[in-house]
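The chain below stands alone and is given in structure tokens; this is the form predicted on its own.
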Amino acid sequence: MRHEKPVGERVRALEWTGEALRLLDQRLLPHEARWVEARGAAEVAAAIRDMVVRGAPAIGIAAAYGAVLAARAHATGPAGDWRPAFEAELRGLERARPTAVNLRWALVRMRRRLDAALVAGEDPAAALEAEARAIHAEDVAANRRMGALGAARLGGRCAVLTHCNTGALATGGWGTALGVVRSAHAAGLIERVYADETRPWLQGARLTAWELVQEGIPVSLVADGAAAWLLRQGGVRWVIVGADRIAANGDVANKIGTYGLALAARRHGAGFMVVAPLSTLDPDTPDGHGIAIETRPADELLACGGRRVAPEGAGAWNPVFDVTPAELVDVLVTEAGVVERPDRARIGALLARAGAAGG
């Protein structure tokens, strides 16, 4: 029997118990739902690094709760006595995944809240817990807003193509690109979702397809190498993806394979939509050349499901992300509004409006 609530509202990548951070181990889905409990910042950093939790927004939220755990472990007595140990914990969190800017953004915000708490004489751990809860709640609200804005841009009922997982499992809840799909499906606008398998971790096959099946949204899995040929057939109107970092000029770092999809979409007349919260925009990075691209172990490519598929002696190049130039992006959807053909001026104007609205 299907649940009344959509999976986007039921599934959570992480839960804060008040004492610890519980993380749904996404390496085991869809076959097993196992929760990992982190009671220290180092455990949160390890979970981020080892892909227990993934997706830029979810990583940022997890890091915020990791800062709470660091404060609980160290924040007693004069700040000068414990702040170095606290900062060492935060640096460990920052190093866990270097490309996703949400992680750094969340920790900058937590540091600012800590500074304010110390000036005001507040309890540091309590202040940081309230801030982490706020970051979590704001992400869910932003996803809902982006879902509505993105769905409104589809231009009618259509088929769409997604890459990686950008759903409830990658965020605080609902999703970014998959949040647009959810909102569009609720409005009767989704004919079918084609989900790239997304090698080598198969997030599209294991996670996106699972979320969509749970919700009754029609989904067909596509081998990564078949996506360009699918777009040539002409049945897909939009490619909809998330982002791990967006530079000041609109260049987009996202899961490896995104750049190729953008090229194919432009060649075959499909729209290319990027859906990401404001926390993913990085105005301090001028363009995509300044984005550090994480490279992970070769074994992730040389083996599958724990079984080696390549011959002994073969090496591998395993970048986790690529960068899509801004000129290939048709629409950028954020919770603060939609930007067509994003560039430095349009993104700057968006951030200025969002800053003014936020006071």
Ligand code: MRU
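As the structure is a prediction and not an experimental result, all values here were calculated from the model. In this text, residue numbers run from 1 along the sequence as written.
There is also a form predicted in complex with the named molecule; it is not shown, and the following applies to it.
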Worksheet item: Taking Cys164, Thr171 and Asp244 as a possible spot, do all three reach the named molecule in the model of the complex with a heavy atom inside 4.5 Å?
Response: yes
Response to the item:
Only hit among Ala47, Leu69, Ala56, Val329 for heavy atom within 4.5 Å of the named molecule in the model of the complex is Ala56
Discussion item. Taking the named molecule as it sits in the model of the complex, is Thr208 in contact with it (heavy atom to heavy atom, 4.5 Å or less)?
Written reply: no
Discussion item. Arg97 versus the named molecule, in the model of the complex: is there a non-hydrogen atom within 4.5 Å?
Written reply: yes
Item to complete: Would you please decide whether Arg182 lies within 4.5 angstroms of the named molecule in the model of the complex, comparing each non-hydrogen atom pair?
Response: no
Worksheet item: Applying a 4.5 Å heavy atom distance criterion, does Lys255 contact the named molecule in the model of the complex?
Response: yes
Worksheet item: Based on heavy atom distances of at most 4.5 Å to the named molecule in the model of the complex, which listed stretch, 33-41, 47-55, 330-338, 302-310, is the contact stretch?
Response: 47-55
Response to the item:
Restricting to 305-321, the residues within 4.5 Å of the named molecule in the model of the complex through any heavy atom are Phe321
